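This document opens with one chain alone, in structure tokens, the form predicted alone.
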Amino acid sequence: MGDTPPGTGPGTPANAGGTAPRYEVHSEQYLHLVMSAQLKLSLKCFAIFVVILVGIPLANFYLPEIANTRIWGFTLSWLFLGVLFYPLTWIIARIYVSRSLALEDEIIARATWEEGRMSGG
């Protein structure tokens, strides 16, 4: 297909700093790369969760007229806390899992491409 490894094309995070480093799938470097990418992803998901968690009491305090608006017999604040909070946390978890698996697949594809290239295949 091409001369560039998967996930290292122009505009991809793996190639943002210039020449991408080489690594093997079962090496410490590979493990560190996967863990580092997953840590960055988990911190982003955690930041979104904290914004939601802190935002609910702040919205109740600073926007009481909106928080006390009734929808389906509940105030908006109780509707969010009792019903919508759990689906939102599920969505954040789902995003983390799917993006994390995609990161692993991208790194494995890149490593196997490099291994195949180095062995002459």
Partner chain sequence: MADIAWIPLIFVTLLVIATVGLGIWVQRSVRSTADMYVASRAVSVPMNSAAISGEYLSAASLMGIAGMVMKFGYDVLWYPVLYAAGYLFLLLFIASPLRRFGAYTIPDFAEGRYSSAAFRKIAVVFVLTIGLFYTMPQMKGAGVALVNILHTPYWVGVVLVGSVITFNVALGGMKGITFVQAFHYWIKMFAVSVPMFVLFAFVGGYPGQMAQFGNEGEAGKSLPRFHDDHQITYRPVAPANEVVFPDAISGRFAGGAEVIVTTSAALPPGSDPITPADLVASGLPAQTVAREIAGQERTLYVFPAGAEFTTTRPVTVTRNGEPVIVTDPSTRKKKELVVAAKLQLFPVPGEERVVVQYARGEVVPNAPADKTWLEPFGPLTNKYGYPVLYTYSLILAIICGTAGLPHILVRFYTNPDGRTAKRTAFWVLILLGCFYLFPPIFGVMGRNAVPQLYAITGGAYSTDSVILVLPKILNQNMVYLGDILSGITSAGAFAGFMTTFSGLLVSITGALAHDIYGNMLNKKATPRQRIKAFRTAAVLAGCGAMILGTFVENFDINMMVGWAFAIAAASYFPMLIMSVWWRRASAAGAAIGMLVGGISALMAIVSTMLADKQVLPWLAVWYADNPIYRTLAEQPAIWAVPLALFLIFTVSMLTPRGVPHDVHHKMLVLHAPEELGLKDEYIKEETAPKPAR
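Owing to the predicted nature of the structure, the values given are computational and were not obtained by experimental measurement. Residue numbers count along the first chain shown, from 1.
Although not depicted, the form predicted in complex with the partner chain is the subject of the following passage.
> Answer for L53 alone: is it within 4.5 Å of the partner chain in the model of the complex, judged on heavy atom distances?
It does: once the partner chain is placed as it appears in the model of the complex, L53 has a heavy atom within 4.5 Å of it.
> Heavy atom to heavy atom, is L31 within 4.5 Å of the partner chain in the model of the complex?
L31: yes, in contact with the partner chain in the model of the complex.
> Does any heavy atom of L81 come within 4.5 Å of a heavy atom of the partner chain in the model of the complex?
Yes, contact at 4.5 Å.
> Does L43 reach the partner chain in the model of the complex, with heavy atoms at most 4.5 Å apart?
Result yes; L43 sits at the interface with the partner chain in the model of the complex.
> Judged by heavy atom distances of 4.5 Å or less, which residues of 84-110 approach the partner chain in the model of the complex?
The stretch touches the partner through F85, Y86, T89, W90, I92, A93, R94, Y96, V97, S100, L101, E104, D105, I107, I108.
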